[in-house]
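As structure tokens, one chain now follows by itself in the form predicted alone.
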């Protein structure tokens, strides 16, 4: 179990909170690049770390992320006119550029300098890969841009989606480093999902329901190794990297693209799940990309025009009890992404961890909580830069390997868990 005060420290990410300050040390996903597809496209509401913001792309193609509300009388700039290199409030015409600087107040005299003293809170917004990233912390301590491999391979080799998840970021993230549930919750998907099926590793998953976990520290977070029995004298290892604060990669299967997630707090009771697939050595096939668009693998099928999954808590995730009885799905919910999300959301907006009863298979989750807490306190009390800020920490991979029983995954897989451009991932 976890003490209530520690649970609150880990789950509260608003301004001025220890975990909120921790998140503000990093570049984090703010929205997908597809949400601002062209110059002067409509502005987009963005809520991150409990701050209400507006994203827009101006006439010169510059991206802006500014306070949602006009400095005049608080009208939402989501109604604004994106034109002439700025976002104009439709109430009284005040206009702002991508830095949040007010550049026009029509009611003022032509020689007035009033607008020079009006500036909204603003954060940088930068495109890296398919994602628009922001840094919400001290500009003087702004790190280099992210170097996660999925965001730097050629566009034809990668695909990113996102979905709204109605629970705190931590319980969603913890599912991303929990390898023991796959044999149960995703058993149907291992046999039928086009982005998972057919891999030899699936057989090891299904035959051994009692994985042994070994968790190793890394410079940026952790490597979580899940060991299962393979052929005589060998073990099947699935190695999941976690880079602080919220980046995880799922160990690959066969030559399928490798996938992972970034879990970003909207507020304390909601988060964005950014899900990516990429192949480091080849383009995605048309069938693979279409499967991702259709919500297979780690992706979800969303309500058109939104990033809310079609299967959600309001419709009981379209649960199919007959499919559950037939063994097509273990929980009755279709799709790997929504199988995870449905159970994580079922815990409530913020799970009460004082009631937990953890077991050795939860060792990765336990160590991640410890590392998050330690980093948040060290930042708060001593100003220590947390792990994962250094871009060198981003150049990691997940891996799936078969090793002799006498070998440690960490000693044997040094190259497999490093991102090397153009080299295929290690997979079974």
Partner chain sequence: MYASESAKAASASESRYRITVPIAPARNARVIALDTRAASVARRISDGPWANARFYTCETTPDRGPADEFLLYRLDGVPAALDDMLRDTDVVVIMATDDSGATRAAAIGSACTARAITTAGVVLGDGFEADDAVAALRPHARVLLLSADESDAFELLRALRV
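Positions refer to the first chain, counted from 1. Source: prediction; values computed, not measured.
Same protein, other form: the form predicted together with its partner chain, not shown, and the subject of what follows.
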When the contact criterion is heavy atoms within 4.5 Å, does residue 227 count as touching its partner chain in the predicted complex?
yes
Determine whether any heavy atom of residue 93 comes within 4.5 Å of a heavy atom of its partner chain in the predicted complex, and answer yes or no.
no
Residue 215, heavy atom within 4.5 angstroms of its partner chain in the predicted complex
yes
Can you work out whether residue 295 and its partner chain are in contact in the predicted complex, taking contact to mean some heavy atom pair no more than 4.5 Å apart?
no
Using heavy atoms and a 4.5 Å cut-off, decide whether 9, 310 and 383 all contact its partner chain in the predicted complex.
no
Choose from 398-406, 37-45, 23-31, 55-63 the stretch whose residues reach within 4.5 Å of its partner chain in the predicted complex, heavy atoms counted.
398-406
So which of 231, 314, 138, 322 gets a non-hydrogen atom within 4.5 Å of its partner chain in the predicted complex?
314
With the partner left out here, which residues of 353-392 have a non-hydrogen atom within 4.5 Å of its partner chain in the predicted complex?
354, 355, 356, 357, 358, 359, 360, 363, 366, 367, 370, 373, 374
